[in-house]
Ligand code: GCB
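Take a look at this single chain, the form predicted on its own, given in structure tokens.
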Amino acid sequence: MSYRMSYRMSYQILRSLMLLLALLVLRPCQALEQPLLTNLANRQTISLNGAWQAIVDPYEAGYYNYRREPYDRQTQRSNSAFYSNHHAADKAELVEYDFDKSPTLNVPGDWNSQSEKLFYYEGNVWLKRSFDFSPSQQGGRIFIHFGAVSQRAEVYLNGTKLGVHDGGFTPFNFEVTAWLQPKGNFLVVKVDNIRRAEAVPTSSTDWWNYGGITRDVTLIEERKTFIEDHVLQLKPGTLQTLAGAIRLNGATGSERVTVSIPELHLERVVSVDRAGLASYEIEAPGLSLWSPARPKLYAVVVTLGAQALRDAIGFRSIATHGAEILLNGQPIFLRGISIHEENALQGRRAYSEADARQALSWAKELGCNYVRLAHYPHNEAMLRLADQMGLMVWEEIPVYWTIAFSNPATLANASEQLAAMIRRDRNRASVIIWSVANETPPGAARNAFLAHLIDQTRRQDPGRLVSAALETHQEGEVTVVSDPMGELLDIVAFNQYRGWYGGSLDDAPQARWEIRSDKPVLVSEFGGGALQGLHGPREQRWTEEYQAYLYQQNLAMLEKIPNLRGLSPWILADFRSPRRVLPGIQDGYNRKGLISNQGIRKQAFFTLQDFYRKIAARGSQAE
């Protein structure tokens, strides 16, 4: 029996087992959250951002409090736990906490950068926000939406547990209609950023483990029946046919929804089924396609009764043919850079539109037409700005390094995060690649794990490319890319660090490569570190000269790889990492950035910028 046949047999068996176990694990979790509401920017909302009271709780005493009364996991209530926000009835009552007298943390924001005492803290923090609420309509429905909580959230409203969310980079929401009151509401979130081997990401990463409510918290007002989700894209294989889908919440099956694109004078009325679902197509002659050179966005309005849900959507096709990546039917080279979700100048988790604009403007200055968002879904502002600025995007879930591939609960959580990422961002024309993993070692369990995610991605969004950042290996003097996942992916992408983690720079341009797949190749990472302002000979590590020489030699080497169609070097800016401890050089920063954490460009920035100018000068019809 050949290796390929035995691999496929073991992969199919393991995949079937993992799917079955994942479904069994996933079912009880799904009862805790309602379906994700998308397009918050255009819904009727009330912000709950601002100063929240915070209690640091490393021992999880908040479940018991002063009477040591145990938390009742069956009823999910306790009159004396922190989430009850209890206050003493008289002067004699013993109460050992008080949110109202506790310090505050800003939401959105991470606690590490807001308090010196919490800089390295990994544990539990209870956060409370009090608010009043007056509905704008009678008989409506109210949801609380979280952009992200890092890493695990338990959410309580007025003492009632709403549910739990695992995953620090994806949005979630709960319906709270039954528990809201006009005055004195209190929302309590137990935030836990403890690293766990079975989590996604796993316990070992190379970025800062920020904790906190790191993205917006929003109240959403809706009608009894409303538009829960809507997607509209260019139909795969066409350039002037739009394909859409609608999901209503609270539907009776008699509803009719109108979709219009006023600029194109297009309108379509569709009827939903009893499940509130509908799909449709619209012919769009004269459609202007989105591209980096012309990032055209159309106003799209989806109307149900009095609800008119608006969005700005670009339409473009993305596909592969042999070794080519085709944008709107024309070949394109991805001139990219990798980016972490961190404000480099302030050393904190990025969350705002201003943060996103800073990073993407740097990428545009570098000459990029593409960015890789590593290693997790970034905040929604990044994608909406990429739409506007004409930057294509690789978006990724944090299946990173040696994750617990044999654990069904880990697969279920990765699947949930993938589903939320795609559902939130599938109307963004900028997103051309969904990535399911980074630097994961091949093996039967890992292969089955990734195959499940690849299948899920294609089912959920067949109009985009699927990839993963793979690893290479040496066979004598030849660097080989032969990961079996390459058979299942649209683009073969891999990370390599010649001249930093091994290999000579002097003879790098003569290196030999073997890519065992006739598909487009994308080098998802390469690079090396430099302390901005440190100068010396190009043979001296950590100098700007060494980093610039590394880029010069790597670019000369990578240009010769067969089927090379893009690069996203590591990384745009220096970022915090507790793994990087060299005194006087790293000091808690990964220094592979082309821009320092003071915002100063290193020499390698200009080396890559010159290379991209030459690539752009060669031109492509897609741009």
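Everything numeric in this text was worked out from a predicted model, so none of it was measured. Numbers for residues come from their place in the sequence shown, where the first is 1.
One more form of this protein exists, namely the form predicted in complex with the named molecule; it is left out here, but the text below deals with it.
Novice: Looking in the predicted bound form, is the named molecule within 4.5 Å of a heavy atom from each of His375, Tyr501 and Phe575?
Specialist: Yes, the whole candidate spot contacts the named molecule.
Novice: Picking from 108-116, 435-443, 144-152, 418-426, which part of the chain touches the named molecule in the predicted bound form when contact means heavy atoms within 4.5 Å?
Specialist: Residues of 435-443 come within 4.5 Å of the partner.
Novice: Given that the named molecule is left out here, which of Asn597, Gln34, Gln53, Asn590 has a heavy atom within 4.5 Å of it in the predicted bound form?
Specialist: By the 4.5 Å heavy-atom cutoff, the listed residue in contact is Asn590.
Novice: Among Asp518, Asp206, Glu263, Glu122, which has at least one heavy atom within 4.5 Å of the named molecule in the predicted bound form?
Specialist: Exactly one listed residue reaches within 4.5 Å, namely Asp206.
Novice: Can you check whether Glu525 is within 4.5 Å of the named molecule in the predicted bound form, heavy atom basis?
Specialist: Close contact exists here: in the predicted bound form, Glu525 approaches the named molecule to within 4.5 Å, heavy atoms only.
Novice: Going by a heavy atom distance of 4.5 Å, is Asn495 a contact of the named molecule in the predicted bound form?
Specialist: The answer is yes: Asn495 has a heavy atom within 4.5 Å of the named molecule.
Novice: Heavy atom to heavy atom, is Arg43 within 4.5 Å of the named molecule in the predicted bound form?
Specialist: No, Arg43 stays farther than 4.5 Å from the named molecule in the predicted bound form.
Novice: Arg565: heavy atom within 4.5 Å of the named molecule in the predicted bound form?
Specialist: The answer is no: Arg565 has no heavy atom within 4.5 Å of the named molecule.
Novice: Does anything in 399-424 come within 4.5 Å of the named molecule in the predicted bound form by heavy atoms, and if so which residues, in order?
Specialist: If the 4.5 Å heavy-atom criterion is applied to the named molecule in the predicted bound form, 399-424 yields Tyr400, Trp401.
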